[in-house]
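Heads up, the chain below is alone and in the form predicted alone; it's given as structure tokens.
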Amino acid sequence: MAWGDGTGTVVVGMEDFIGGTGETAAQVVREDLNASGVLRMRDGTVASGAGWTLRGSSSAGRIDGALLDGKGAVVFNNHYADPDLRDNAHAFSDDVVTAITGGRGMAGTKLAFVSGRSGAPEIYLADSDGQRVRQVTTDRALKGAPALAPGSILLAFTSWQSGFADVVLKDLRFGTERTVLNAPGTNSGVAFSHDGTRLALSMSYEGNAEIYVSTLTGSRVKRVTEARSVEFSPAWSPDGARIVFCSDAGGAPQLFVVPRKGGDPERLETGYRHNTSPEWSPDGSRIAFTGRQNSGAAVMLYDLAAGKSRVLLPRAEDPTWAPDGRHLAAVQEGALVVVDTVTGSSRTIVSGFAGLSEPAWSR
């Protein structure tokens, strides 16, 4: 039985890490696991038979990390040898979360976002804790709507470098880019399917903007919606069977759900008159979106079973789910924040980036 602290979190003991980079590695792991919301770190060994304990060493950034159960038995003992200490610490942290909870961790994932910090709207990449922010596009053309494929290998975004709105795929390992969709009109709002094999996007080459599904090469494109209104900002359900999107069919943007292969869209009665930037939760039970009323924008959660919305984060917009299904990132008052959907607590992870917008979390 897990040893808790009365708040629903599991207390995990942490022995001092040994080795030249042990203290730094331990600090990153401690911060990762405290941020998970499901674990709470405590220095030293947890009482025998009551909980879990971490043991580790780190030299030259490499980490040997072990998780012990309450009887002192080793649950796992892994070696992490990526070139960067933070990558190794994040990987260890995620292994701990999975071993204890059975769920996914978020420490080793990435966040993309748009900022005009360099004087032009470029795309940046950051760790899930806001560290190691780096600029990944540099051509100074207008850009928007970044999306990360599972594993953070591919980045998709809309670029106006050609003078028109085209969809570009960038391989983040090698820095190579290729345009995959440049049909006449607008090609925008790309979202990767959860298995990383398909793109959903809004295209207007047949008239008004509609939702389409495409292969990653752009060689096969299928129209999903057919209406006289403007359809945009698609996002996939976790099973890939449905797509949520925005439509201005009723005047102000509202949320609709349609089968991936096409059909009659169903409107979601969110209770808000202006809804944008929807994203489906990893467990399929909720849709996060930006809702706007007279009081301004807020990040909302729509419960699909209950058919009701609630405010999660006021004065915020552009929500994106962490792969753990518990946390969301969003833009609040110009900063990138992460909010715990269970406790409601939030923390700023990136600030000081002019025009920060449209964050996208990898899966």
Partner chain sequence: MSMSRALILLALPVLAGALLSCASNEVASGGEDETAPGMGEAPRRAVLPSYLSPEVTRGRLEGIDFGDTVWEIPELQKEKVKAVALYLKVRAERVIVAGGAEVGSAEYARQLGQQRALAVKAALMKEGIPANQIVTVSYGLDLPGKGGGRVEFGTVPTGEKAF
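Worth saying up front: this structure is predicted, and the values here are computed from it rather than measured. Positions refer to the first chain, counted from 1.
A second form of this protein, the form predicted in complex with its partner chain, is not displayed here; the remarks below concern that form.
K.L.:
Closest heavy atom of residue 102 to its partner chain in the predicted bound form, within 4.5 Å or not?
P.N.:
No, no contact at 4.5 Å.
K.L.:
Can you work out whether residue 232 and its partner chain are in contact in the predicted bound form, taking contact to mean some heavy atom pair no more than 4.5 Å apart?
P.N.:
Because a heavy atom of residue 232 falls inside 4.5 Å of its partner chain in the predicted bound form, the answer is yes.
K.L.:
Can you tell me whether residue 205 touches its partner chain? I mean in the predicted bound form, with a 4.5 angstroms heavy atom cut-off.
P.N.:
Yes, residue 205 lies within 4.5 Å of its partner chain in the predicted bound form.
K.L.:
When the contact criterion is heavy atoms within 4.5 Å, does residue 180 count as touching its partner chain in the predicted bound form?
P.N.:
Looking in the predicted bound form, residue contacts with its partner chain include residue 180, since a heavy atom lies within 4.5 Å.
K.L.:
Quick check on this chain: which one of 98, 135, 285, 217 has a heavy atom within 4.5 Å of its partner chain in the predicted bound form?
P.N.:
That would be 217.
K.L.:
Could you check which residue among 242, 198, 117, 110 gets a heavy atom within 4.5 Å of its partner chain in the predicted bound form?
P.N.:
Exactly one listed residue reaches within 4.5 Å, namely 198.
K.L.:
At 4.5 Å between heavy atoms, only one of the stretches 75-83, 140-148, 89-97, 124-132 reaches its partner chain in the predicted bound form; which one is it?
P.N.:
Correct option: 140-148.
K.L.:
Relative to its partner chain in the predicted bound form, which residues of 157-189 have a heavy atom no more than 4.5 Å away?
P.N.:
Residues within 4.5 Å: 160, 162, 163, 164, 165, 166, 179, 180, 181, 182, 183, 184, 185, 186, 187, 188, 189.
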